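Let's start with one chain on its own, the form predicted alone, as structure tokens.
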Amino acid sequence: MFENFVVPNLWPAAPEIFLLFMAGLILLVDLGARSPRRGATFLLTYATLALSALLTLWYAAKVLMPSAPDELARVVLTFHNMFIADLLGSFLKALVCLAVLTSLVYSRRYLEERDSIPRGEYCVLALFATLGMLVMISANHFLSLYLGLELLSLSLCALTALQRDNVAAGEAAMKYFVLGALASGMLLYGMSMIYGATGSLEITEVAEQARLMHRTRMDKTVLVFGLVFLVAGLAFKLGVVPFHMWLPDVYHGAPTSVTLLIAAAPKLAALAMMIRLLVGGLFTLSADWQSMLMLLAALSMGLGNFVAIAQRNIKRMLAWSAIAHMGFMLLGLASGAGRNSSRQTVLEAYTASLFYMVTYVLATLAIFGLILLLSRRGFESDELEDFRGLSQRSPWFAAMMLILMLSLAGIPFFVGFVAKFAVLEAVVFSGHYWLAVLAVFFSLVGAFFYLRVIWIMYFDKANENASPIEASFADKTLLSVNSVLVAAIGIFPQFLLGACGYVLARSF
């Protein structure tokens, strides 16, 4: 029965295997834990995520790095070509692990003050969500991609509903589940049509068949229909207009620690999924998906920025802001899909999108970290009024929030400005000047609600019952480093930009 069984190469999937093993071990350790603070559970979770990131980087340095400067990096396929290990995947997987680790460090005090949220289950579900993201990033097959996506979605849905006495959280989880199921259905339908047109579920084989159909001028109607459903499913997962309905309600209703998990690391996995499917698999149809991405980007930037102005809850404001930022990120992907673009121009456009996403996640981590620090037992600090006069009671944290708001607004000399400038440069080089003008206009609109937060912190008087922010040394240090990085990368962006460009150039 097992005569023809070939043991796959397990080293490319070592971080995922280690993460899965540790998630099970932590669940067993937590069963015997007596301390309600669950210190051992948190420390094991931190160590697991840090070691997963180190294991990913070690494999990339040992196996995947090119031996000569002009060579492409080595690409390793395993599990019957369902799993791919390349520099882009290693880069994003390491960032995902670090982002989830940072999220959990920010969330620990918040969770300890809320007895209704089981901390052990929270850590294990966060690890399973991370595992889903890592599988998504390294997927080279529709089946493995879908399994990773569903593992992520179901874990986040369970995390959203984990606070059982919170009606808003239960409602948010239900919306997330129902609309997520709709998105998954559209994604599956698109994959099935692409399979019908190409005869394969393997992404690299789909790319070969699509190129063959393009060269021989075969009828591509079924393939294009599959692409439409595929893009719609991806748009749901990114939360861009008109597939954004779930995002503001989930951001608002979920516990703030869960909102942070949803808002940061999954964005990196979603970008990897788009690059794998659209760039790696269906680049010959770039003229078709370019127009779809441009429409989604314009709608998202417009609706996201204008609706965010009306929000008084900062989590809802950041949700609409996220919709606008995802639209901005899509501009880079769309700009790299021109028919007459050179390889260098295409790589610069995709580098701009990757850089934009990484810096957005970096700023998002710090913003929600500050919101979590402001929260206390029995009180959620998620209204704009809660930031009133913050500079008077906690000047250092107000300065950190100032940096983050100015960065998201795209004000020089912060990293948000560099990221937006790189994307706009790619849009201009692609010849879509109208889209660049539209993006600049919507950025100016979006600057209003970011500057409003700064005004409330620095020019409004603090509430009488407001007290200075109490935080541990670890929380203060991490938040300070996180925020200062946003400013430092804005002044010296070359290293991160170069890293993004390098992994993309050596992976495609």
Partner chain sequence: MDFKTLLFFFFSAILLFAALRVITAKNPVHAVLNLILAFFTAACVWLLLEAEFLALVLVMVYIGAVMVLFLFVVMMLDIDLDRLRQGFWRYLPLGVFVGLVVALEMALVLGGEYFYAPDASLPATAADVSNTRELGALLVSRYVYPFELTAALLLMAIVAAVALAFRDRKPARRVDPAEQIRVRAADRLRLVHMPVETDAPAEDATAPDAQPKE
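Residue numbers count along the first chain shown, from 1. Computed from a prediction, not measured in an experiment: that's the story for all the values here.
There is another form of the same protein, the form predicted in complex with the partner chain; it is not shown, and what comes next is about it.
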| property | result |
| --- | --- |
| Answer option from 295, 212, 181, 143, heavy atom within 4.5 Å of the partner chain in the predicted bound form | 143 |
| Of 288, 171, 205, 121, the one that lies within 4.5 Å of the partner chain in the predicted bound form (heavy atoms) | 121 |
| Whether 43, 97 and 246 all lie within 4.5 angstroms of the partner chain in the predicted bound form by heavy atom | no |
| In the predicted bound form, residue 225 touching the partner chain (heavy atom, 4.5 Å) | yes |
| Heavy atom of residue 342 within 4.5 Å of the partner chain in the predicted bound form | no |
| Any non-hydrogen atom of residue 74 within 4.5 angstroms of the partner chain in the predicted bound form | no |
| is_contact(residue 150, the partner chain) in the predicted bound form, heavy atom dist at most 4.5 Å | yes |
| Contact segment among 236-244, 364-372, 121-129, 261-269, judged by heavy atoms lying within 4.5 Å of the partner chain in the predicted bound form | 121-129 |
| Neighbours of the partner chain in the predicted bound form among 184-217 [non-hydrogen atom within 4.5 angstroms] | 189, 193, 202 |
